[in-house]
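Take a look at this single chain, the form predicted on its own, given in structure tokens.
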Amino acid sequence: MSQPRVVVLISGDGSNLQALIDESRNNILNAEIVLVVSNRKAAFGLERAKNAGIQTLYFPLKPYRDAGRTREEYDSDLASSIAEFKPDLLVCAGWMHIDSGALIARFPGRIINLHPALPGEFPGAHGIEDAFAAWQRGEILRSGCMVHHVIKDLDAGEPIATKEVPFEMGDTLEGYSNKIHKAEHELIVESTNLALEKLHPINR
């Protein structure tokens, strides 16, 4: 029986993508990564994908803006390009683009996102920095990361799994960020498997 098909969307270094690639090779991730998409040409994650023999797609927003086309048109065309790969699941792993709704409409219930904060806390692109600042103010003792289903509200979809990462005396922003990233690498594999099992329980 063929494995579920996963498309991973990235915008940067792709360390979480690498975790998915590694655990796919180790048969811990029960899926085949069939495509890696980036909206940034310089994203090192594209090189990670190429080194693993995975097809890549560079799909930037700027040409749409330059042509006076809408964000909705971009998202709709992106969804059509991804659909050609017949994915079971889309995994946003450092994908720095907020969907206008076209991707969600095309793949309802089949998009998950990794976010470096816990449910209901610190949405947006600076979750780690915002949590660290809150800890320095004495407001929290821990943050963490989650993988959640993608809905139109930013970082507000139903969580699939979470992992708490406590702050420790002497933590720096860089050091704490590294601890969050380590937790993310484990969580994204676990959550992708959980999401696929929910979609395809008879295949597991």
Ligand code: GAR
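Please read all numbers here as calculations on a predicted model, not as lab measurements. Residues carry their position along the shown sequence, with the first being 1.
Although not depicted, the form predicted in complex with this ligand is the subject of the following passage.
- Note that among 89-97, 76-84, 130-138, 103-111, the stretch whose heavy atoms approach this ligand to within 4.5 Å in the model of the complex is 89-97.
- Residues P4, R5 and E190 are none of them found to lie within 4.5 Å of this ligand in the model of the complex, as judged by heavy atom distances.
- A residue is said to contact a partner when one of its heavy atoms sits within 4.5 Å of a partner heavy atom; S15 meets this definition for this ligand in the model of the complex.
- G124 belongs to the set of residues with a heavy atom inside 4.5 Å of this ligand in the model of the complex.
- For K182, no non-hydrogen atom is located within 4.5 Å of this ligand in the model of the complex, even though that partner is not displayed.
- In this stretch, 142-162, the one residue having a heavy atom within 4.5 Å of this ligand in the model of the complex is D155; the partner itself is omitted from this view.
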